[in-house]
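Given as structure tokens, the chain that follows is alone and in the form predicted on its own.
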């Protein structure tokens, strides 16, 4: 690999890791969502530091280097899609449960308001007489 490619990959990997960690630190990205991005940054750094790893993996799998890189990109994108599908499914379940709970609470509030409107006014309580003063 040409040294300029190595430098660009090192900078790209370090930038991706730094950006991911900064977004986590600022609470703009949750840790559970950052795992794929941290792994991606680490893989870029590994491939930049050890470019022979790509060639060895391609040779071991009997694939062309370009095909292997395309396959790795496909696996990465599939992992992202699967991860976010799980997250969206979980959120949809929570939203459904919250909507049902809200509907039950509204129904109970309406029922209680109806009971208050229909209830006769309470009878005034007799005030206790003060004790007679002795003189």
Partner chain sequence: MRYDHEDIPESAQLDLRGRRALVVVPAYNEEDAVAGVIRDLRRHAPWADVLIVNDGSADETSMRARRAGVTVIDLPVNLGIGGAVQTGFQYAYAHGYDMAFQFDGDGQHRARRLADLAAPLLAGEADLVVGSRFLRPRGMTARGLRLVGIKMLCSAISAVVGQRVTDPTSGFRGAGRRAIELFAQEYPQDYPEPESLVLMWRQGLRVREVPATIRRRRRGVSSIGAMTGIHYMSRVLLAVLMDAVKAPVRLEGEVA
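Definition used throughout: the rigid core is the maximal C-alpha set that superposes within 1.5 Å between two forms. Residue numbers count along the first chain shown, from 1. What you are looking at is a predicted structure, and each value in this text was computed from that prediction instead of being measured.
Just so you know, the form predicted in complex with the partner chain exists too; it's not on screen, but the next bit is about it.
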Assert contact residue (the partner chain, in the model of the complex, non-hydrogen atom within 4.5 Å, options 70, 56, 99, 85) equals 99
From 61, 50, 77, 103: within 4.5 Å of the partner chain in the model of the complex by heavy atoms is 103
Residue-level contact is defined here as any heavy atom of the residue lying within 4.5 Å of the partner chain in the model of the complex; does residue 113 satisfy this criterion?
no
So in the model of the complex, is the partner chain close enough to residue 32 to count as touching (4.5 Å, heavy atoms)?
no
For the chain shown here without its partner, which stretch in 104 to 112, 41 to 49, 22 to 30, 62 to 70 has non-hydrogen atoms within 4.5 angstroms of the partner chain in the model of the complex?
104 to 112
Taking the partner chain as it sits in the model of the complex, which residues of 7 to 27 have a non-hydrogen atom within 4.5 Å of it? Please list them.
none
After superposing the rigid core, is the C-alpha displacement of residue 65 2 Å or more between this form and the one not shown?
no
C-alpha of residue 106 off by 2 Å or more between this form and the one not shown on rigid core
yes
